[in-house]
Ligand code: BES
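Next up: just one chain, as structure tokens, the form predicted alone.
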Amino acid sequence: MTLRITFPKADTTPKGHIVVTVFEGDTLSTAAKKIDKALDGLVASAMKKDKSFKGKLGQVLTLYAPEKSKIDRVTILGLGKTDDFDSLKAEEAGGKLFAAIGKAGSKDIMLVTEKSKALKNELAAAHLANGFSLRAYNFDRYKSKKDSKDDAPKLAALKVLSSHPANSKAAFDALDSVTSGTFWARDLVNTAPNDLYPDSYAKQIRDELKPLDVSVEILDEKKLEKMGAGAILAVGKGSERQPRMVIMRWNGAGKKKGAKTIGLVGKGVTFDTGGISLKPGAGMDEMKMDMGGSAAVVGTVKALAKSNAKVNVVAIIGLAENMPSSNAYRPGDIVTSLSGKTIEVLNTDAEGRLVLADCLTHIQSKYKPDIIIDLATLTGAMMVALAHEYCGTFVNNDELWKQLEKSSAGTGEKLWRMPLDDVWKKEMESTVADVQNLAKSGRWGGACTAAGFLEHFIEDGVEWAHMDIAGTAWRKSDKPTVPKFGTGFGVRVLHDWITQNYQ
């Protein structure tokens, strides 16, 4: 069921399940006092008696209203310290609110917001609603039957009362465009690999983006072979499902003088067995997420189109399935990439960099973007370094890093700058070919040497960033009841970076 979020008139009479907000150590707002008065002081009394409720960020206290009241329940939501309450804190509070009451059995919830010292009420309302929406995401496509124990009605609507409903709605709609891209990226990562493979993925992109006025071109294996994209073709040789390269163009700025073209590139290995260099069987099911970089790219393009961003973006993703078979590429093979550079294959599980190499070459040679950012679930080494919290980001331009760092702080998608060094670029030079796909030193500095490999395919003078999202594209829990899921990481930070700096 789709959650409907609306912003009714400020004088709407509260009824049903009401949520009121309070800052840490503060009293009830004017709007909350009216609700409290209608309930004969129930809310204020509960806050006074419950010593554990302090109004800390995301803390909730739920009360049942008297039987004859139009209000069924009241939930008090803590917003933390008013001086620190910003857009990200609002989204965090909204997310925690859904976690606390999203399955409480209420079909409709009305959230009564208030202003803070650091954030206007109309923006607070929008970000609270967006956080609630982000947390409400659920992927149940493959559930054939409803859990018989779950008889509670499903939450269908959130009504948000603010001081300026029209302004709040406009702000929320802008946020929701990005959320729609994030949700699509999550859906793609969560889709089973027997449903999401290069050809089906490419067609889904075409069907999703063309109605949004995004130009979509799909290059099949015959076109890739004709153009000489030997690296991506090598990765996909072992599968019956042959590779695809998808080119998307959003021309929101048109021919505006001085408008820069932003290039996005994504790794889309729809399933990665490791190929002949076979991965261990335990946990291999998770390798459906090895297309997380491509999901972030297409999600960003959708977000830009839905928000009608006045920017020009060309995006390319390489789609392949890395399988072992009699046709699979082997350790010891030497393949010729689209750039003409030859690559010595030392391990077929270091395949993502081969896919990216051809995509990076194609975007530079044909479209000549001013800036390129690639995203890939590229190395386990990045997860060793930064776990699931930060995305390691290699950037060859300090000003570009400053922009990305600011967008990271503003969106909550954490980036950490990693070093580029000629030492690691030289590590990837082969004695029998131009480059090799594993470093001479082995696994040490694996994320850095992978970036060094990609750097061989970046032309001189091109501003470039490589985001290794191996740890941030996918989350899992040790609890068997908590599902593994795709995060959609990258959509928010990229959309913010593009629109804040190039619109």
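Position 1 is the first residue in the sequence shown; the rest follow in order. Just so you know, these numbers come straight off a predicted model, no measurement behind them.
Although it is not shown, the form predicted in complex with this ligand is what the next lines describe.
- Contact annotation: Val43 falls outside 4.5 Å of this ligand in the model of the complex, judged by heavy atom distances.
- Remark: Asn347 counts among the residues lining this ligand in the model of the complex, judged by a heavy atom distance of 4.5 Å or less.
- Residue contact with this ligand in the model of the complex: Asp374 places no heavy atom within 4.5 Å of it.
- Put simply, Ala470 is close to this ligand in the model of the complex: some heavy atom of it is within 4.5 Å.
- Heavy atoms of no residue among Val20, Lys89 and Leu123 are located within 4.5 Å of this ligand in the model of the complex.
- For the residues Ala174, Ala259, Ile71, Met383, the 4.5 Å heavy atom test against this ligand in the model of the complex is passed only by Met383.
- Checked against this ligand in the model of the complex, the residues Lys107, Lys366, Lys406, Lys279 give one hit for a heavy atom within 4.5 Å, which is Lys279.
- In short, of 198-206, 286-294, 408-416, 366-374 it is 286-294 that has heavy atoms within 4.5 Å of this ligand in the model of the complex.
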